[in-house]
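Before any questions on binding or motion, here is one chain by itself as structure tokens, the form predicted on its own.
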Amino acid sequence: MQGITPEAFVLGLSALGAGIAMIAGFGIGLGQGIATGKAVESIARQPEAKGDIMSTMFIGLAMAETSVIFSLVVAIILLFANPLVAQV
């Protein structure tokens, strides 16, 4: 009976780490939906503050979106250009 090679172990954990990194997309999407809904509610209550509300919302959404982009980059690096395999 043959055991798991160290390279296969690192690749398996890298795939698991990439999957966990992509869970960030779910949370960020949920948060962006809530933020947009609250912005629409506040514009409905105060239409004269539309510009301030929209600009603040867009800045917040852009900052939240960078988290998803970083987690996507980490997942792609772990799956395709895995630097950890060379150390095994």
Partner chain sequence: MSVGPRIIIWFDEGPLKGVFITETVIWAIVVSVAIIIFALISTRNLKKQPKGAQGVAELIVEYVYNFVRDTMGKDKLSFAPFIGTIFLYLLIANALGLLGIRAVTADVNMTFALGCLIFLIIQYNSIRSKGMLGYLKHFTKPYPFMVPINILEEVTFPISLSFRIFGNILAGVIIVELAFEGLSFLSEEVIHLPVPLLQAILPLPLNAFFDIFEPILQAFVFSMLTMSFIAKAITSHDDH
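Residue numbers count along the first chain shown, from 1. Only a predicted model underlies this, so the values are computations on that prediction, with no experimental measurement involved.
There is also a form predicted in complex with the partner chain; it is not shown, and the following applies to it.
Trainee: For a quick test of understanding: in the predicted complex, does each of Ser14, Leu30 and Ile34 have a heavy atom within 4.5 Å of the partner chain?
Mentor: Judged in the predicted complex, none of Ser14, Leu30 and Ile34 sits within 4.5 Å of the partner chain.
Trainee: Report yes if any heavy atom of Phe26 sits within 4.5 Å of a heavy atom of the partner chain in the predicted complex; otherwise report no.
Mentor: Although the partner chain is absent here, Phe26 would stay clear of it in the predicted complex, with no heavy atoms inside 4.5 Å.
Trainee: With the partner left out here, check for me: in the predicted complex, does some heavy atom of Ile69 sit within 4.5 Å of the partner chain?
Mentor: So Ile69 counts as contacting the partner chain.
Trainee: Within 4.5 Å, heavy atoms only: does Ile20 come near the partner chain in the predicted complex?
Mentor: So Ile20 does not count as contacting the partner chain.
Trainee: Given that the partner chain is not shown alongside this chain, does Ala62 nevertheless sit within 4.5 Å of it in the predicted complex, heavy atom to heavy atom?
Mentor: Ala62: yes, in contact with the partner chain in the predicted complex.
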